[in-house]
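Next up is one chain by itself, shown in structure tokens, the form predicted on its own.
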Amino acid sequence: MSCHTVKSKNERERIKEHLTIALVAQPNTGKTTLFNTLTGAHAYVANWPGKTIERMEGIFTYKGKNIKIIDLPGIRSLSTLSQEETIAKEFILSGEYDSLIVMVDAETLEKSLYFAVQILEATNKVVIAINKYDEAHALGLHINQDKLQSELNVTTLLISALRGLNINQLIEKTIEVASQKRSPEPAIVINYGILETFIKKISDELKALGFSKDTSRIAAVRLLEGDTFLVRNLDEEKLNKILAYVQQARQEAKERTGFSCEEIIVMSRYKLVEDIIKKTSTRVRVATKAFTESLDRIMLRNFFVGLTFSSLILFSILFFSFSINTGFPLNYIIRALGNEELASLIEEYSLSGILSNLFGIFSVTLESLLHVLNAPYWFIDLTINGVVQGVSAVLTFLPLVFIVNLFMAIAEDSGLMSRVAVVFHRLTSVFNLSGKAVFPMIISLACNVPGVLSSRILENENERIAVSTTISFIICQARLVVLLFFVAAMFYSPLVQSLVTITMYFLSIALFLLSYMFVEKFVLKSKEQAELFIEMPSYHIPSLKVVSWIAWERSKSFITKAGTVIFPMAIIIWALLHIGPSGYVETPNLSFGKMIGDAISKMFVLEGFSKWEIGLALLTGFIAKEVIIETLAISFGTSNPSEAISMLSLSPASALSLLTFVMLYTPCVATVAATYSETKSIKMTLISVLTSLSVAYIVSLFMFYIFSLI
């Protein structure tokens, strides 16, 4: 974000304003701090049209758009008394802006949300900014941002205007809302019980006078509250007729309930706010200040102690997550200790092993049923090897994504993860990367898709884009599956298998860091130094409610991004291997897949890469990396993946070279889609794809020639 210093009226008039954003909040919510943050304190004073009261305005530029922001006077409620509050209310209800930032104070959530709900009844051209969340969180308040956004039906962000947390995201989302140039309509419709009959009658009368459906309802509610602003343009006769009915309704409601219309409306709104808060927030008991300071002395004062402790936390998350889901690396450790039977049991009864067995049983049962129904062979093959395979590919990976997010959420909610980020910042800052980048790195070890999406926690825009573009170098579980099959089939010594596996992980992390530096410095040409903006909450026992919120909200992105891509692409793979120039074929040797595999394999000059099976596997690997194993098995006509890999007949140098290329080359199509989703840039998405492809090719060449000499 860049800011203009606006010195004079003439200069202001020369600046073309693309969008107008209004900023509104109750007093003492941090509105002025946010205004100064957005405008860089370069603002000017203007008068309200036809008024002597002044208002603050500022202009800032964001991604080529000149944004005028209006700082409305502090207002406690839309049922106002003072002249300044009345002016703010009238501006809000007039809709004379492209979007409205409504600030809510996290420390007085109920009162602030009540005010926000009043505005949301009138318009959805709104972004809700929950300010001071860092301070409230430190005291034990947890807010489920996604769930709150769903309840309020408008974009909602947790921010700190004072510390600058999530301000870039706030600008992005506000401009996104403003750019839609939509007509205002209610974001929330509250059921006012006994008043609904009167509201409908008044609304019908207003619609007959030309009011829209949405405007007529909020005008009716405002009239029952005694506010005539929205009907101010009616001629005297029509206005008096409406007001006469409103007065009658107010008297009748009072007689029937014992409460005034204003009281009924206020109680209904507060009931809604209470329900929303109950669903979307929780408070936990935090540790004493003395305990927090004592533990921080261990974590933060001594770098090497903190690094050891932080590394142990991250290693534990990965060790238990992968062991529960795939058996690795626990199975390797037990096998190295000489207990082959136990290692095999751990692999078989891991989550992914259980799911694979269940899908195997389901496939056999479904195939038998389809044979009984005399379904065509091609349809049976498509259903079993296309549809079922596609579904299993998504569901088999979901447990690991969820488990990693679950353990991360436990560490995060306890307060430990903030300290881990602070400790690692001393290392990552060497690469001009903030310590927060550890989070997307860890999540990417489960799946690159949520890893890319989690880059949005980074405050610096260039850092976020660079991480989104390069994080796919981190080896995910899909590539881990391929890695384990390859090392088991090609290298027989457990020591060599372990060394190759560890080397690939270190290589992927090193290439992520180096490619990040390249993109950040030479592509984005960033001159900013990496800074760490992170809240340091008090330690506390993780809340099951909060942990489940975090784990699920972060994991469901995998289903929506990966599931919608992997599933249909599994069907496309089937079609490539079973359709050729002559139509449906039962052997891949006559398919379009072989033709494409031949063309791809000719691009490589390395020994062993010339087989069409490898070319096709690399193509399908772009769709989903774990499909490489499936493609090789189908292409060689075997159900044993290890046997298919052995049938490639590669030398050790060629095997290591191919494995390196598979681990590093262009990420799956779901990750590419996620990269575009985060960067909103075709250029950066192409850079991501081409960088990983070229780096993979160069490093695999290096591996081949080095190990050919050994």
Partner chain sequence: MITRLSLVEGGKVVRIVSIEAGIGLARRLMEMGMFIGSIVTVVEQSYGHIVVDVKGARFALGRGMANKIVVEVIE
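Positions refer to the first chain, counted from 1. Here, rigid core means the biggest group of C-alpha atoms that superpose within 1.5 Å across both forms. On a predicted model such as this, the values are computed, not experimentally measured, just so you know.
Although not depicted, the form predicted together with the partner chain is the subject of the following passage.
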* Listed residue that, although the partner chain is not shown, lies within 4.5 Å of it in the predicted complex (heavy atoms), from 540, 163, 238, 76 -> 163
* **Residue (of 213, 271, 278, 301) lying close to the partner chain in the predicted complex, criterion heavy atoms within 4.5 Å** => 301
* So in the predicted complex, does residue 168 come within 4.5 Å of the partner chain, heavy atom to heavy atom? -> yes
* Would you check, heavy atoms only and a 4.5 Å threshold, whether residue 296 touches the partner chain in the predicted complex? => yes
* Would you check, heavy atoms only and a 4.5 Å threshold, whether residue 459 touches the partner chain in the predicted complex? => yes
* With the cut-off set at 4.5 Å between non-hydrogen atoms, does residue 553 touch the partner chain in the predicted complex? -> no
* Spot the stretch among 247-255, 98-106, 418-426, 311-319 with residues whose non-hydrogen atoms come within 4.5 Å of the partner chain in the predicted complex. => 418-426
* **in the predicted complex, residues of 520-551 near the partner chain [heavy atom within 4.5 Å]** => 531, 532, 533, 534, 535, 536
* Flag for residue 163, CA shift 2 Å or larger between the shown form and the other one after aligning core -> yes
* To do: Determine whether the C-alpha of residue 505 shifts by 2 Å or more between the shown form and the other one once the rigid core is superposed.
  => no
